[in-house]
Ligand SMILES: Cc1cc2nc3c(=O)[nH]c(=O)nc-3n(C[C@H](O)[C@H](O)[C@H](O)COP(=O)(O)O)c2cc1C
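Before any questions on binding or motion, here is one chain by itself as structure tokens, the form predicted on its own.
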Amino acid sequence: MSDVVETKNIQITSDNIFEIINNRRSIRKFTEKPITDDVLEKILGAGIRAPFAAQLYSIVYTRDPEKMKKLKIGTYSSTQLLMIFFVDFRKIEMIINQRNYNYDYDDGMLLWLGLQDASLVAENLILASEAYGLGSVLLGTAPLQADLIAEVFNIPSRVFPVVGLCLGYPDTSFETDVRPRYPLKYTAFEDSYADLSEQEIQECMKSMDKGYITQGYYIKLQAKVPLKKGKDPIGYDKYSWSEHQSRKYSQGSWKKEPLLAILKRHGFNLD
């Protein structure tokens, strides 16, 4: 018999939690249906039940379209609610001070733990949102816009954005597919890391590329990373996941200022 967790609006079983996980996909177009305070409280409550190192995170959210427009993190226009997940040193330092201690720790290690905390909370919240019929898409460039995010949301020093999340009820007129993944045998290794052969790397590429091309993923989004030099020899019909990733990470930083410099400006000691 399946274990059952009941809430006001939904019944989650140990069977359908796997269905929620396996069918989750990014949603980039939402209906105008609002997210009620009751649903928001439920998904936030599920988010903060994630495992943690020291609760080194905070979440700031908004329903305000004007605030969303000010942020240059790729927020989709139909988003009903935008969340930003932050690494938060400020709270733990205030707790330390309340105990009459002074903070003295490696900021690099604490930042690493904070990234874990914020990421786990975000994943919990995404799955809880799916259970309530919501859709979401992550916005990974939030750290590069830390200055603007700090201005819009009054973020103090030593609190830093990790990732953004657009939320809303999916617009079913805009079809999306479950994206492929690397074959499991090339991702999870028992007892020892397995350095993949050239043939195995090609199998990883094939499993991803075939799925993305078959789904017409980049055609639908009209999203290609332009080449900085020369004419682009690849059309959308053959533009694949591995080509997209290779272009993203082989042509220099996305922003002139490195992320390390932005972190230092926001109060993190990473020398």
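Model, not experiment: these values are computed from the prediction. The numbering used is simple: start at 1 and walk along the sequence shown.
The same protein also has a form predicted together with the ligand, omitted here; what follows describes it.
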How about P156: is it within 4.5 Å of the ligand in the predicted bound form, going by heavy atoms?
-> no
Within a 4.5 Å heavy atom cut-off, is R181 in contact with the ligand in the predicted bound form?
-> yes
Heavy atoms within 4.5 Å of the ligand in the predicted bound form: does V163 have any?
-> yes
At the 4.5 Å heavy atom threshold, is Y217 in contact with the ligand in the predicted bound form?
-> yes
In the predicted bound form, segment of 132-140, 86-94, 103-111, 193-201 with a heavy atom within 4.5 Å of the ligand = 132-140
Exactly one of S246, T31, S26, Q55 has a non-hydrogen atom within 4.5 Å of the ligand in the predicted bound form; which residue is it?
-> S26
